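A single chain comes next, written as structure tokens; it is the form predicted alone.
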């Protein structure tokens, strides 16, 4: 086949950047070279306060990698993925090669990329059908992840850990400074969390929502009724909890989010407990070597969630090879 045109490459990158990233930091750069597109981390966009190891950064990159693979497949080419292809360079996280003709059988997932949203708003008190839950579990398995839906006692434990994590961070100076950097009321900014995306507070704190703007002057958020029995799941990965495991978990996370979007479900994420090593350790299963990588909320949207901005593809396509970094090491 002919090499991908520049227009096709940019379309693939535009799909990749629609991936979710913590605080919408968009910590990625893409380097097209012939029939392949390299994915590199942008360490200047890592969050030292909430993500000192770079775990959330790698989850974000893994989500972008899955989008990139789906986009390459949509061009009629088979995507061949190599994770961490340069062992001495922790910044080069993946290479996706367009490898020969391919008939895409996941077009519905690809078409869900531009309409997927992260919701911090109330969901309707309408049960999620069991078949949909099963499809979400299968989506995680396809990428080597394990999605487990919680029952009431475990759900309350998880939401309690979210509240504990929020309380711990409330007076953390570095954390609040980080939020000020990545929360914005600038309508022209192309990254960060816009105030319009934050949503209301949950009455009685049944669904704890992170306060992204504790130091910004803004109208007092409304207080709303959220769903009485939120559908909460944990996404775990089996392995040594290394950057490679985080990248694979990011792909599993994105496949689950896209499958949920395809099924007409709204999705939200709780990352707060996973930002504290001791709280995250409570969720691990050492016997099975499983580590929780994401806590998700599913439901039927009660209102539309506005999109968050993304940097244009031209701004995240590297002109020259990014300088290599030593690989990230779990601490």
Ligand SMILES: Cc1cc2nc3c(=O)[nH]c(=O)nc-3n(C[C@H](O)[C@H](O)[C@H](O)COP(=O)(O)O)c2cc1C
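Just so you know, these numbers come straight off a predicted model, no measurement behind them. Positions refer to the first chain, counted from 1.
Another form, the form predicted together with this ligand, is not on view; read the next lines as being about it.
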- Item | Partner proximity in the predicted bound form: residue 59 to this ligand, non-hydrogen atom cutoff 4.5 Å | yes
- Report whether the minimum heavy atom distance between residue 210 and this ligand in the predicted bound form is within 4.5 Å. yes
- Even though this ligand is not shown here, does residue 77 get within 4.5 Å of it in the predicted bound form, heavy atoms only? no
- Message: At 4.5 Å between heavy atoms, is residue 117 in contact with this ligand in the predicted bound form?
- Response: yes
- Since the chain is shown here on its own, which stretch among 271-279, 65-73, 258-266, 33-41 would lie within 4.5 Å of this ligand in the predicted bound form, judged by heavy atoms? 271-279
- Query: Does any residue in 24-39 get within 4.5 Å of this ligand in the predicted bound form, counting heavy atoms only, and if so which ones?
  - Reply: 24
